[in-house]
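As structure tokens, one chain now follows by itself in the form predicted on its own.
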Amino acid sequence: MQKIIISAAGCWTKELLEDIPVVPQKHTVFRVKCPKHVPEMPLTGDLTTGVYWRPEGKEYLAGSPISVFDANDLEPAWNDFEELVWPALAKRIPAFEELKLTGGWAGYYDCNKLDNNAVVGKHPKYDNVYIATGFTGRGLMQAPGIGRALTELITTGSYQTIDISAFSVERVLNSEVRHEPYVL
């Protein structure tokens, strides 16, 4: 039986497979408290600014629209809150004019620089290498479907119940862009 390698290296994919343009992209998330709390509010994104927010316990999480490639640190971009995030929140929800910043953090998304879409499937240059990467912060949500699809591809040679060929490795190697504009 041939050994199978599945690369799910996330933002470090390019270090393992130089031809796959998935690299770290730094994103900052802020934690804020507002006197008026709406816990049933869904995840909401403002497409005009790129700011997003959602309830988190008795507070909210709000994401900065600025992302940085090749960041040397994971220090939150604190200035983004005053300059970009708070104004966007207050414009959309007047109660957010009174919010208070209570914390924040920064982390990496595994970003496909070609088009912000995932790269999933068998690598055509290798007999036994499969890839699942480039999920731009959505990997946990998509993991069950990706796992099932890759299992089918590895065990049967094709997708059986979930066809994710739109995210193929060949697409990326051939620079076939399928741009994903909604990266939050």
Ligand SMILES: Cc1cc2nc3c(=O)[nH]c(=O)nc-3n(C[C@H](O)[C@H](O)[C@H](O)COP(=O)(O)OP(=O)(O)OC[C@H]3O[C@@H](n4cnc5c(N)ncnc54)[C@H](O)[C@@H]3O)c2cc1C
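Since this is a predicted model, take the numbers as computed values, not measurements. Residue numbers run from 1 along the displayed sequence.
Keep in mind that the form predicted in complex with this ligand is not shown, yet the notes after this line are about it.
Screening 64-72, 112-120, 149-157, 26-34 for residues having heavy atoms within 4.5 Å of this ligand in the model of the complex returns a single hit, 26-34. Among heavy atoms of residue 60, none comes within 4.5 Å of this ligand in the model of the complex. Put simply, residue 78 is far from this ligand in the model of the complex: not one heavy atom of it is within 4.5 Å. This ligand in the model of the complex comes within 4.5 Å of a heavy atom belonging to residue 108. At the 4.5 Å threshold, heavy atoms of residue 51 stay clear of this ligand in the model of the complex, well away from it. In the model of the complex, 132, 135, 137, 138, 139, 140, 141 are the residues of 131-166 with at least one heavy atom within 4.5 Å of this ligand, listed from first to last.
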